[in-house]
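Next up is one chain by itself, shown in structure tokens, the form predicted alone.
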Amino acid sequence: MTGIEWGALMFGALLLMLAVRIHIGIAMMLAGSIGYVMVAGVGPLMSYFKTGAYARFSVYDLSVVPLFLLMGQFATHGGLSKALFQAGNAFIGHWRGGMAMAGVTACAGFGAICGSSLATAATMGQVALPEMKAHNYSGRFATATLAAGGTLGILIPPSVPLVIYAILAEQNIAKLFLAAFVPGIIAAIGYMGVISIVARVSPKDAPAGQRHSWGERLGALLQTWPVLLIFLVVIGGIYGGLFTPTEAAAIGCVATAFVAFRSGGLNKKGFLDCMYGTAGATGMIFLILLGADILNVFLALTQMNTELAKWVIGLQLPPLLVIFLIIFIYLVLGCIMDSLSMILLTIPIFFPIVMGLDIGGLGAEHKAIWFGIIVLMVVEIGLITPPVGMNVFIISSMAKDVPMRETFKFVMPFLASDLMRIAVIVFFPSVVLFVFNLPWG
């Protein structure tokens, strides 16, 4: 068999292993190792194993991942999510569907210091779900809103999946963070628009709440100062050239730990929970990274990536058609895989293809950044699509009285908003890239 044939065979074997629920990291490691042995022999594989893990895990940029995860853990234990939700509710809770909108804005704010959609959904679900139910929001609408709002955790920088994309595509993390801001804000506005429409079409699902006085509003807003300060220090420090993303994450960890300690959420048990949660998530991510490395080395050995890119470019299809085909593949994969696994599995294959296309005359760096934002938005959709919508699973575990199929049904308008946003950014790359023409870009 040729290298290309072995590559296709092992890729099919990988999909089969995923279908029988073998962990994605283990599945990629097995497929890559077996294929490597078939093409090059056992000796070269053992030689790669000697240095491969160290070469991957010693990459400086990867140190930002556990730091952002730890910052999210500290933020969760620090009660910051509750302050964000209460502030949003104080200002717009009296609107029809206003409490749901407050949940979305709180998810966006929490995502700005968390970097994880699953953590954002879990934390905001604990805070907002009881309040929404107490104010007569239907369970299906409340769970769908918070599941969709939780996806803002990876859209609003800092974003762990965006860091992984930057490392795989060899792009600047700070520039990708900057490019993600506008799509993240558009996503939040789109979700609030969906809530407004649903609240008017079906008022019983999203009633209006009580109006708060300006004194109450200002008091609630003042409680959010730690979030604003941490965000400004972390993100402002990166773009002000004061420190690198890794240094910014370390400073963010210290700041959120201090806030959590002051609030009483960082006692001995809370601190250990933060450490265990970060260690578990980091270990899972790094296992997937190692498995992806072995698979990608095997695919590079077979030249499958290069040949596939040449074949697609040789078809001379319209570039946007190729992009939409890639998006479609991501949407299908999102039904069965998590976001990080999709990025690690597909970027080595799709990135060379996209870089060989002429997308409106974009330069290589801008094209890579634009594609990275599209990938981030598409894999974010996978968090709320059936049958494996992890955000929906998390929220549903907190609302066992709400059938999951009802939550998925009410998630559909949010998915429509996501698809419209993706279409806008595909056709108008400047929506993402205009920030680089600003004085600080």
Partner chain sequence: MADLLITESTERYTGYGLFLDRCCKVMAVLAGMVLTLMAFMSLWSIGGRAVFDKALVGDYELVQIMTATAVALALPYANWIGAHVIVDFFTAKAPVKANAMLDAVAYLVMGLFSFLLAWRLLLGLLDLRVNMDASMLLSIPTWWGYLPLIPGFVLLGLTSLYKLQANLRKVAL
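Remember, predicted model here, so these are calculated numbers, not experimental data. Definition used throughout: the rigid core is the maximal C-alpha set that superposes within 1.5 Å between two forms. Positions refer to the first chain, counted from 1.
Although not depicted, the form predicted in complex with the partner chain is the subject of the following passage.
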Practice item. Please run the contact check for residue 296 against the partner chain in the model of the complex: heavy atoms, 4.5 angstroms, yes or no? Key: no
**Study point:** is_contact(residue 283, the partner chain) in the model of the complex, heavy atom dist at most 4.5 Å
**Key:** yes
Review point. Any of the heavy atoms of residue 352 lying within 4.5 Å of the partner chain in the model of the complex?
Key: no
Review point. Are any of the heavy atoms in residue 123 no more than 4.5 Å from a heavy atom of the partner chain in the model of the complex?
Key: no
Practice item. Specify the contacting stretch among 141-149, 105-113, 168-176, 336-344, defined as having any heavy atom within 4.5 Å of the partner chain in the model of the complex. Key: 336-344
**Study point:** Sole residue of 412, 53, 38, 398 within 4.5 Å of the partner chain in the model of the complex, by heavy atom
**Key:** 53
Point to revise | Sole residue of 271, 181, 324, 261 within 4.5 Å of the partner chain in the model of the complex, by heavy atom | key: 271
Check your understanding: Looking at the partner chain in the model of the complex, is some heavy atom of each of 57, 160 and 390 within 4.5 Å of it?
Key -> yes
Point to revise | Contact set, 285-301 vs the partner chain in the model of the complex - heavy atom within 4.5 angstroms | key: 285, 286, 287, 288, 290
Exercise for review: Establish whether a shift of 2 Å or more occurs at the C-alpha of residue 372 between this form and the one not shown, with the two forms superposed on the rigid core.
Suggested key: no
Check your understanding: For residue 36, is the CA shift between this form and the one not shown at least 2 Å following rigid-core superposition?
Key -> yes
